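Below you'll find only one chain, the form predicted alone, shown as structure tokens.
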């Protein structure tokens, strides 16, 4: 994997990760990586520059086929290409899903979870019903029947916002869990909206189980996926909402009117990555596994911390066993900028992004040692 030898050079390109904080802080926060994207991305960009015209565009002809083939080979999920609704990102897809279903006033949300799981329902004026997640064998799971109890407490038609694999815990939810989630939603007439952007960044031997694969085709589910995290092309917003049930899909597509469209070049980059980026992808998985192992070894020297790296993503969830609410401040003072846990639902935790070079990670962990 080609990591930037001097990743601070990313500041010259207005990188949110590297430009938001001071030059003497190592940024291991926002979830993009410090590696060069697959060669096919540069080829797409070169061809676009040579063409030199950047007007309105359409979905590239092979885009849906790329997703259909990818889902069949990687996740054993055979879909109809008509189920695919392209969107400019997973988070916009979450909001559009709620906008398309104004009757879903009560929203079940796992906690801790990616901050937009709280902000998007709030923007849409919905009521938040948290489903607390707890450490279980190195993963984050809800207590038994927690989802059923939360659904029973709702007063309006509910929706379930889920994150699979989990951000920040990296939990790859097993097939029995996903089947049960779908069954509980069906019993409560609840819409399921599942953020599955981390589906292809699994670092263990486990397999991802898509929500839409486990639910009956006539059950209202919206599975949101993208190649942007996997291939480090988050600057080219492109995602898909996979919606088998016809009425749910119709309502979602009607909501897309006047929304930002996917850039033509983003379609082509996603298609190329799915079709041509697999050798690069294997190198990335090996590099991320090595970084994850480095964090696992580091954790052995800090029994005062609870550290969850899970089975997926390039994220680690760190919490003091002594209820240290100032953990993030201490790391910041040592020159390491992590994501504070408050927006995720846990002010005593921090999220670490290990999608960086081994040298950057080593330096950050050394600085964190000094803070501890």
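On a predicted model such as this, the values are computed, not experimentally measured, just so you know. Residue numbers count along the first chain shown, from 1.
Omitted from view is the form predicted in complex with a small molecule, to which the following refers.
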Answer for residue 40 alone: is it within 4.5 Å of the small molecule in the model of the complex, judged on heavy atom distances?
no
Please tell me whether any heavy atom belonging to residue 31 falls inside 4.5 Å of a heavy atom of the small molecule, as the geometry stands in the model of the complex.
yes
Tell me, yes or no, whether residue 185 is in contact with the small molecule in the model of the complex, where a contact means a heavy atom of each within 4.5 Å.
no
Find out whether any non-hydrogen atom of residue 195 is located within 4.5 angstroms of the small molecule in the model of the complex, and reply yes or no.
yes
Are all three of 92, 114 and 163 close to the small molecule in the model of the complex, meaning a heavy atom of each within 4.5 Å?
yes
Partner contact check in the model of the complex: of 262-270, 275-283, 148-156, 197-205, the stretch with a heavy atom within 4.5 Å of the small molecule is 197-205
From 229, 292, 251, 105: within 4.5 Å of the small molecule in the model of the complex by heavy atoms is 229
